[in-house]
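First, one chain by itself: the form predicted on its own, in structure tokens.
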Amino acid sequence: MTDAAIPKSPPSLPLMARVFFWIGVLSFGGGLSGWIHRQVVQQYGWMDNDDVLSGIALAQVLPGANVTNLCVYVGYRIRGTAGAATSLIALLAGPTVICVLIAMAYHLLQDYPVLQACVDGVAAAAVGLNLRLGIVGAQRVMPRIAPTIAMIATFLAVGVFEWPLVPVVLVIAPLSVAAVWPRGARDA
């Protein structure tokens, strides 16, 4: 980890735990990556936009849940191993307890229409957060032609033509990386 990745005065582990705990508790149905981005970049200034967006890209290609991968990445970049462990445990603690309690009570609540309305509302908010994050990511790559082509090609292949994600990424990702790979001093 480079010194540039760590804020001048890194946040305390209890502050990180509080932030990630509330992200975990208050985010339902997705949208966590968008909220992590908002808190870490805009609210607290712990990391810059490009670093978090790179973390999101890395989190998506690693096995496992994207948000837990991102949480470990962000925590590690901010406070090293202790930050990674703190942010991950804090992110998962609240939702784990809530899920167990809801699972125990779900059979009693499933017949109430208000439950479905709440789930629909939370899902709409999560879609909005993901859309916002997609726009932020698109704005980052739009000035460069190769990443823009890769973004559009991936959207068309997966979103429009409904081709399987893994083969599309296995083809487009190496081409995209090759297109932006530094070629030496003459290209600088």
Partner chain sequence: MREDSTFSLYMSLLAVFVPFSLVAIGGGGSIFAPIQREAVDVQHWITGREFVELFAIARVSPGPGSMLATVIGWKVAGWGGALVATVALFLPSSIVCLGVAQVWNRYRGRDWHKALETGLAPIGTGLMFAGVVAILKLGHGGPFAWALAGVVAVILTWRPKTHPFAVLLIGAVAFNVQLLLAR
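Only the largest set of C-alpha atoms that superpose within 1.5 Å between the two forms is called the rigid core. Positions refer to the first chain, counted from 1. Computed from a predicted structure; not experimentally measured.
Although it is not shown, the form predicted in complex with its partner chain is what the next lines describe.
The closest non-hydrogen atom of L32 lies within 4.5 Å of its partner chain in the predicted complex. Interface residue remark: A84 is counted as part of the site for its partner chain in the predicted complex, having a heavy atom within 4.5 Å. By the criterion of a heavy atom within 4.5 Å, I78 is excluded from the residues contacting its partner chain in the predicted complex.
Put simply, L109 is far from its partner chain in the predicted complex: not one heavy atom of it is within 4.5 Å. Along 81-108, a non-hydrogen atom within 4.5 Å of its partner chain in the predicted complex is carried by T81, A84, L88, L92, P95, T96, V97, I98, C99, V100, L101, I102, A103, M104, Y106, H107, in order along the sequence. Taking 2 Å as the criterion, Y44 does not count as shifted between the shown form and the other one: its C-alpha moves by less than this amount when the rigid core is aligned. A movement of the C-alpha atom of P14 falling short of 2 angstroms is seen between the shown form and the other one when the two forms are aligned on their rigid core.
Relative to this conformation, an increase of 3 Å or more in the Cα-Cα distance between A126 and T86 is found in the predicted complex. The distance between the CA atoms of W22 and V119 is at least 3 Å longer in the predicted complex than in the form shown here.
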